[in-house]
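Given as structure tokens, the chain that follows is alone and in the form predicted alone.
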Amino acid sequence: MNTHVKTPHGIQADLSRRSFLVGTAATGLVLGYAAVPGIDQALAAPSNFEPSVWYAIAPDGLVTVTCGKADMGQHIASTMAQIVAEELGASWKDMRVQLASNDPKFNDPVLGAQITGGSWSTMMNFDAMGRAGAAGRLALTEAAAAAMGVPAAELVVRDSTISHPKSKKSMSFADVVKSGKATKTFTPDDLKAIKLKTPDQYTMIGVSVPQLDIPSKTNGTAKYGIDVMLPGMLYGALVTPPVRYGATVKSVDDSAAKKVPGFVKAVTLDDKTATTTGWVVAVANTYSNARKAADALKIAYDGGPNAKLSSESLQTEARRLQALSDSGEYFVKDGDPNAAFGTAAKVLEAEYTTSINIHAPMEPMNATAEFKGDILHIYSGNQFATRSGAIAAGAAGLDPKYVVMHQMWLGGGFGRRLDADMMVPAVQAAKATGKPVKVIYTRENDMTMDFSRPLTLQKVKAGLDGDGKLVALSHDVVSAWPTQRWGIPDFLSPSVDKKGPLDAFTVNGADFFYTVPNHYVRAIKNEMAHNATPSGQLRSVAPGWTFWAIESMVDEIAHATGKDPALFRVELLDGKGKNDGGAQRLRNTLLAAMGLAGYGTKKLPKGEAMGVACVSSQERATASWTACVAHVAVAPSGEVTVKKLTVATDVGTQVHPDNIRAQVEGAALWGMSLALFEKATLKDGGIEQTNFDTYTPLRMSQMPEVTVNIIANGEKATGVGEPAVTVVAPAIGNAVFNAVGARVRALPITADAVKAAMKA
């Protein structure tokens, strides 16, 4: 049994680590945790009141929730407010949101870090935010009971009002806050003892209330990183080397740049954090002049050790590593697949690959840096404030405690803003000029220097007994290790063979919920790819490639045994042993998708077919059960047209139905884009694709019909931002095979590849 995976991110926030405080200040009611810097001072010194960790209620009754998660269009700030409002009893019209800084008091109780990713946010914070809201309600109720002279147990809290039905007395939240009587301390045991609402009691959770961030985003008052303006600010434009990583600057000739009006200087980055290599930033009084100056610089480079590498050489190295019996570390080691292969009636083998993929969020990477005395201020939208603050500090030569990060709204993230490369040139340019500097990437900067999804190679071998039952599976996953690059030991997992830590974020999903008695999964680091293409976490992370291989192979096995691929999956999802609970939920989701799509009940034209896949993304411990039926049409040329995607997902408890549906739709379309259209290539050490003319995500004209079925069964809330990404590619690949008999094992699935497979 695979019990080794260390997933601190999958644990519910532990409120027992801190005592919850409710107190009053000059500006309102403060709610937060004790032993957090700033909270006790806020309670003792009203004149210095600052918003607390979770939320504050002002004398006018407005409730402001501080969101410690990056909001990049997924409305997570509004979701956090909705969870608080449910238990607090606040009126939605009184709710407000703001984004947290990098103050340590906002660190996650489990991770100890501010990070937004993995579809963890709602899952990890649902209970914590609910208990925060409930504690506030109890404190307000106690204060109101004393003020009205009635028993607290007889009070009703609804729509920001505390009322006593018997006496007809009532007080608004504003009244209670202004009275200064709301003060209460909750011990860890008190917090645990709070009885939260059951799903049948919800009045806010499960309702598609208006998103709190939409008005400010539509009227222009919401500030993104690119909107930052500071007095005396300069602008920086990048010149990046032709090699993705490892190049160094030999010389810079700025004679032509000096002729550009407003040019200040060219700064060659000396990045001790090793986030960047070979970068120069041209600084000028306007962005336009900075770009002109950057174009005028003449820079000589040493290409470094990766200057001759290509996608082909990375894959060749991956195949070499996979063929070595002692490569990598084991992520799963159940039974003895090798022995089972020796006695199997049939053995199938296949190699699956994925290409380099680029994040390309719409708001270009940007950061503004300003030194105020000994303090460095960074203004940027970021998904990993804890790590990014440390990188900014390293670039400045400061202790991280002297870095203040001002979190902005994010114009797209998808994992790209887990990294802090945009902060390095801003920091070093600001330090070199003595003025605030805003650095804005061009699209070309971002695409060629992205921390991309890694190129992967997977070898899957399956053994079947005489009855066509799957009895053994071995799965080798070869890739760069994005999470290891972060240098954070807690994000790595011990291998089951005790060889050392491995990057589970390259193999998650391979530990599936199918019952297979003999099962190995080996994680193999491609050091060459790791160095030449420093990789990051792209929306869906490892399940985006592991489920591509697993769900394609399951279909291949089903066809080899003459069984319907969907029903074959149902048989494998028997819920035995360690798979109990999870397998049943995944099976039910698959059946729901099949029923909604009419799988197996429709006679389709020649060249059209449906294909299925089902996944437990993101990780086994933090799964959202998701299934897809893809309906495709394949032309004689091999061109694939997706006519319809039917996605069913079990989210446990849904907070905001419309938002969940939107997230699932977006994730499914992202998955389709990766499946059919997106590919970046490495040549001579550099990424060849520089803009949307050569890197071609899904266009609006290629949109299929998308039908989503949300299964909300009252179980713990799960995440929805990424799981549907992982299920679409294999469903499409399986549908293509069902339509024309062409099995394509490389992403993206191109017309040429389909046509070649049709002829094979």
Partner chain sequence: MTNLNINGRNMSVEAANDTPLLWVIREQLQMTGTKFGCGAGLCGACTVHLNGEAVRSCQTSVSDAVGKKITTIEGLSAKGDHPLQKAWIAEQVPQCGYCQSGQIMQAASLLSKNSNPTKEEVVAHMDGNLCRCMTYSRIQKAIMRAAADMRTASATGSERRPT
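Note that the coordinates shown come from a computational prediction; the quantities given were computed from them, not determined experimentally. Numbering follows the first chain given and starts at 1.
Beyond the structure shown, there is the form predicted together with the partner chain, which is absent from this document and is the topic of what follows.
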Inset, instruction - Counting only non-hydrogen atoms, choose the one of 439-447, 387-395, 514-522, 605-613 that falls within 4.5 Å of the partner chain in the model of the complex. - result: 439-447
Legend entry - 4.5 angstroms heavy atom contact with the partner chain in the model of the complex for Y224: yes
Inset, instruction - Would you please decide whether Y695 lies within 4.5 angstroms of the partner chain in the model of the complex, comparing each non-hydrogen atom pair? - result: yes
Legend entry - 4.5 angstroms heavy atom contact with the partner chain in the model of the complex for M362: yes
Legend entry - Heavy atom of F414 within 4.5 Å of the partner chain in the model of the complex: yes
Inset, instruction - Report yes if all three of Y235, D658 and L669 come within 4.5 Å of the partner chain in the model of the complex by some heavy atom, otherwise no. - result: yes
Legend entry - Sole residue of K435, H406, K292, H530 within 4.5 Å of the partner chain in the model of the complex, by heavy atom: K292
Inset, instruction - Answer with one of H75, R585, H631, H475: the residue that has a non-hydrogen atom within 4.5 Å of the partner chain in the model of the complex. - result: H75
Legend entry - Residues of stretch 558-588 in contact with the partner chain in the model of the complex (4.5 Å, non-hydrogen atom): none
